[in-house]
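As a starting point, one isolated chain is supplied in structure tokens, in the form predicted on its own.
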Amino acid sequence: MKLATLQALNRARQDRRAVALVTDLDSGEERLVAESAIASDPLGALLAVQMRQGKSARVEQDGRSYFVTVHVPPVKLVMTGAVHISQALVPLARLLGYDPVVVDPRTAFASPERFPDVRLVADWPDVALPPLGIDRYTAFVALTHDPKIDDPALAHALARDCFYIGALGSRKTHARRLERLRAEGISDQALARIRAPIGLDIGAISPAEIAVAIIAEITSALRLESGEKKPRLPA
């Protein structure tokens, strides 16, 4: 690998930017393609698939062979609400290789005893979220039912373009939530990105089952092409 390519790759890793290293297997030529430039790349469609899957692979186009090495930032899962669903979500997230973080200013809930060995931030979202570096490789889940905690956190997640944003609550609860966020100046287009009721419709009842539905929906948002899988409609 050329030094300039290696330096560019290291900068992308530090900045949590996804890139693909394309090596022409016939000529040995290599180039680094940023995720933002994939649409205009000659191998754009193939690179998009590999990026979405997070997998490196050999691909072929127009009689030439290439090896695509995918470098995608680790996925974060940030949750507001140190609740029972979060307790079930943390081990599921870890099993899938996500980096879970729990945010809740209510210290009676956000305690190391209830959440051992997980990054726990017992502070309000306006203080807790900015240092977490939330970005488009972050899934955000609002679980508290408390507008003072969930609303500013949802606004932050929308502003940082998280690839998945979900919120717990009934249809009526979500409608009131949308009214409050709309009053804060957030557009309807942005608000449409919030998935509520949260999680795939698997008939989940218990906190553990709801956690499974949520992690499944997050995975579908990460792996499936935009629009290929639609969120569950409110009941």
Partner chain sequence: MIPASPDSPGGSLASDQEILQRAQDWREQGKGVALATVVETWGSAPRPTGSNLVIDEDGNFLGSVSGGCVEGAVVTEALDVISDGKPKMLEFGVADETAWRVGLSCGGTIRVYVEKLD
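Residue numbers count along the first chain shown, from 1. What you see is a predicted model, and the numbers here were worked out from it, not measured in a lab.
Only in words, not in the display: the form predicted in complex with its partner chain, which the text now covers.
**Item:** Stretch from 178-186, 24-32, 165-173, 205-213 whose residues place a heavy atom within 4.5 Å of its partner chain in the predicted bound form
**Value:** Checking each option against the 4.5 Å cut-off leaves 24-32.
**Asked** For this chain shown on its own, do Q87, V101 and I149 all sit within 4.5 Å of its partner chain in the predicted bound form, going by heavy atoms?
**Response** Heavy-atom distance to its partner chain in the predicted bound form: none of the three under 4.5 Å.
**Prompt:** Going by a heavy atom distance of 4.5 Å, is A18 a contact of its partner chain in the predicted bound form?
**Reply:** No, A18 sits far enough from its partner chain in the predicted bound form that none of its heavy atoms falls within 4.5 Å.
**Asked** Is there a heavy atom of H71 lying 4.5 Å or less from a heavy atom of its partner chain in the predicted bound form?
**Response** So H71 counts as contacting its partner chain.
**Message:** Quick check on S56: any heavy atom within 4.5 Å of its partner chain in the predicted bound form?
**Reply:** Contact check for S56: yes, within 4.5 Å of its partner chain in the predicted bound form.
**Request:** May I ask you to state whether L9 is within 4.5 Å of its partner chain in the predicted bound form, using heavy atom distances?
**Result:** Output for L9 is yes: heavy atoms within 4.5 Å of its partner chain.
**Asked** For 1-18: residues with a non-hydrogen atom within 4.5 angstroms of its partner chain in the predicted bound form?
**Response** Result: M1, K2, L3, L6, Q7, L9, N10, R13, Q14.
**Asked** By 3 Å or more, the Cα spacing of R11 and G97 differs in the predicted bound form; is it closer or farther than in this view?
**Response** R11 and G97 sit closer together in the predicted bound form.
**Request:** Since the C-alpha distance between Q14 and D99 changes by 3 Å or more in the predicted bound form, give its direction relative to the shown form: closer or farther.
**Result:** Note: Cα gap between Q14 and D99 shrinks in the predicted bound form.
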